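Next up is one chain by itself, shown in structure tokens, the form predicted on its own.
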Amino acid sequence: MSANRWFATGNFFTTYKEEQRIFLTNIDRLAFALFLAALFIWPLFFKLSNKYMLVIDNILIAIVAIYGLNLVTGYAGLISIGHAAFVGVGAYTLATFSQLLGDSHVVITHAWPLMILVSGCMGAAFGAFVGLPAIRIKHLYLAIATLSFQMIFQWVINYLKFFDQGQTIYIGRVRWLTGFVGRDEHYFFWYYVIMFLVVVMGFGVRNLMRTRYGRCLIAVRDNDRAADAMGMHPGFTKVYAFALAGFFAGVAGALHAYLYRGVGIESFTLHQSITYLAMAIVGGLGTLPGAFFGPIAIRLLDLQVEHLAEFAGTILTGAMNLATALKPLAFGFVIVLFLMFEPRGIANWWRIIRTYLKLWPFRY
């Protein structure tokens, strides 16, 4: 690597430590710092309505969930069709405390950071348990096992009276340094909380992939027998991949429960699991930027389809419910197009753009 860390050209490294740096140049570090500052500052100058702040908060929560799905499916190569169930485990962990202690108990309203951590740990425990079959089975059989967990989760929530048979279980408003977070500041407050977790967990994932444990995930994905011959433990690696995915999903579930101030089964169905999988595919499996691009693309697609359906409904008043018909159509169409023409997702476009800017104005 060039001695000038500001305007380095090329990727010549003399040590493995240099190659594993998060920011190759000081320009990269400065650009990221400015972008991060903009993400935290813009809500102070551009006030959005609660509707659009809710959309942004949902995108950030989806990013946290996709962190986990990307680890287990993108990096470890293990298909998971029940990721929404792991998110639901985190949300219903919080709902369990709400049922036992009351929705406005001090543990829920004041110790909400601890509750988010507890929900993540519970998701990790369930993830490790569901990942146990991965020691013996793989591919389609493992996908069916995760699908079975999704079905079992939905059945338990829908038929147990403790969880109100899937009806909404309310969560009280949280308390901050200035007191209880009011209705007007609710989505604004959770934007900063979720954004902080997105940044911290993003650095956590990036640093994990720099360690031997992260490289084990990729080795097992590429060839688990070769990884075993090199001294790795494929079974343990697969189980802790599911545990990590469950932890991120559990945190996302707790954030979802606090954001909506309630938990209902309709947010953790099989359809939502497929949506999470689509986000990972569209964003780019096995890439950290893909965890950002996927949720943004799918959520924005949903919004545009809703607007299109509303516009078409004003013209074709006697037609069927276009929103119900257009959403699955657009959703499936986008997934098929990406699988056919860009299987590496939007993250590959980002890689191409960065490479072009790095080499510009030179041709090669």
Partner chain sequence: MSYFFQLVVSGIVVGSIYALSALGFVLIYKSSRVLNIAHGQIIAAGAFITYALTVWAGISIYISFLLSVVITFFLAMSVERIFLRRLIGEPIISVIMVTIGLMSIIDGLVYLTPFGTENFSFPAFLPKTPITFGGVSISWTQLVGVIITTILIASFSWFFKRSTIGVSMRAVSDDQLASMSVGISVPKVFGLAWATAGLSAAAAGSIIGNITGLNFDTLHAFGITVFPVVILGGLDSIIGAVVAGIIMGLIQQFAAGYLDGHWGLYGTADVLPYIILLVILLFKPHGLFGIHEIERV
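Residue numbers count along the first chain shown, from 1. Whichever C-alpha set is largest while still superposing within 1.5 Å between the two forms counts as the rigid core. This is a predicted model, so every value here is computed, not measured.
Missing here is the form predicted together with the partner chain; even so, the following discussion is about that form.
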Note to self: Quick check on R206: any heavy atom within 4.5 Å of the partner chain in the predicted complex?
What the structure shows: no
Next item on the list: Verify the contact flag for L329: yes if a non-hydrogen atom of it lies within 4.5 Å of a non-hydrogen atom of the partner chain in the predicted complex, no if not.
Entry: yes
Note to self: When the contact criterion is heavy atoms within 4.5 Å, does T178 count as touching the partner chain in the predicted complex?
What the structure shows: no
Notebook entry, point to check: Could you tell me if V336 has a non-hydrogen atom within 4.5 Å of the partner chain in the predicted complex?
Noted result: yes
Margin query: Only one of 180-188, 159-167, 252-260, 193-201 has heavy atoms within 4.5 Å of the partner chain in the predicted complex; I'd like to know which.
Written below: 159-167
Margin query: If the cut-off is 4.5 angstroms on heavy atoms, which of these, V106, L100, L114, L140, is the one near the partner chain in the predicted complex?
Written below: L140
Next item on the list: Taking 4.5 Å between heavy atoms as the contact cutoff, choose which of I79, A125, I218, L288 touches the partner chain in the predicted complex.
Entry: I79
Margin query: When the partner chain is placed as it is in the predicted complex, are A145, A229 and F341 each within 4.5 Å of it, taking any non-hydrogen atom of the residue?
Written below: yes
Next item on the list: Taking only heavy atoms into account, state which residues of 203-225 are within 4.5 Å of the partner chain in the predicted complex, ordered by sequence.
Entry: R225
Check: Taking the rigid core as the reference frame, is the Cα of K138 displaced by 2 Å or more between the shown form and the other one?
Finding: yes
Margin query: So the CA-CA distance for L140 and K238 moves by at least 3 angstroms in the predicted complex. Closer or farther than here?
Written below: closer
Check: Between L140 and V220, do the C-alpha atoms lie closer or farther in the predicted complex than in the shown form, with a difference of 3 angstroms or more?
Finding: closer
